[in-house]
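Before any questions on how it binds or moves, here is one chain, the form predicted alone, in structure tokens.
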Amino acid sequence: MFGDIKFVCVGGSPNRMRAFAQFMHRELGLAGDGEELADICAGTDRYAMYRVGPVLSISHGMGIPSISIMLHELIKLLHHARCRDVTIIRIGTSGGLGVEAGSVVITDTALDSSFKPRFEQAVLGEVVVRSTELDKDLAQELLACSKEIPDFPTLIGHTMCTYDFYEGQGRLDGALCSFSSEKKLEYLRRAYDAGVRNIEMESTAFAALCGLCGLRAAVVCVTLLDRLEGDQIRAPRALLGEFQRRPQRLIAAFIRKRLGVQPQTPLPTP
């Protein structure tokens, strides 16, 4: 059932990954309208999984623990199915740093909250440090594909991964806040100076696990706001929907190019 899978695309939201699967169904010119795609993992309450030709579209939930569970089980599946030459891409949303809202950031290296390229994993009570370098050639290939989609900015940069959405990302609007706005901006500016262009909560674990297992991997996230300008998303709902489809459009162009398939339909606009 999975032996001919060549691309795995993962993202936080089950609904978003179902929409991506339906979009890829159209983009690959497959029979039918894609509306009846079945969730392979329906009833498990773990994550959603859809198959579209050689593409798997899977949700991973929110944060490092959630994506780590999914990746372990996904990588075992790929191994037992004897898949070869698989490319895995995380697509999602993020907070930007010094880039305009709606920009798509292709991660070259995932950094922790101290701006180090590492993922620290406790194993049998000992902390194991793993590399978070991503495939540089794949990042450049994705950037080249973005030239075919000129209506939004795309760039390569570092991505900072945190364990928390609020204090861990220097937000002032959580239930707890132990620092001033000046300290927050000082921290975010140091992150920017370290090459960070966006912030999310999964990339270090994703990069480490994929790298250890020999998978070509990329992280492609759209920025919903510039965190140097505030903590609240100001874009209207319709525009946010269009933002969230931008990484999907880029990945669809990449997969079509790899497969030699011409585009079938434009992505629906809000």
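Heads up: residue numbers just count along the shown sequence, starting at 1. Keep in mind that this is a model prediction, so the values were computed, not measured.
Omitted from view is the form predicted in complex with a further copy of the same chain, to which the following refers.
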Next on the checklist: Based on heavy atom distances of 4.5 Å or less, which listed stretch (131-139, 102-110, 148-156, 163-171) is in contact with a further copy of the same chain in the predicted complex?
Outcome noted: 163-171
Checklist entry - Could you tell me if residue 230 has a non-hydrogen atom within 4.5 Å of a further copy of the same chain in the predicted complex? => result no
Checklist entry - For residue 75, is any heavy atom within 4.5 Å of a further copy of the same chain in the predicted complex, or not? => result yes
Item to check | a further copy of the same chain contact at residue 189 in the predicted complex, heavy atom, 4.5 Å | outcome: no
Next on the checklist: Residue-level contact is defined here as any heavy atom of the residue lying within 4.5 Å of a further copy of the same chain in the predicted complex; does residue 243 satisfy this criterion?
Outcome noted: no
Next on the checklist: Heavy atom within 4.5 Å of a further copy of the same chain in the predicted complex: which residues of 190-215 meet that condition, in order?
Outcome noted: 190, 201, 209, 212, 213
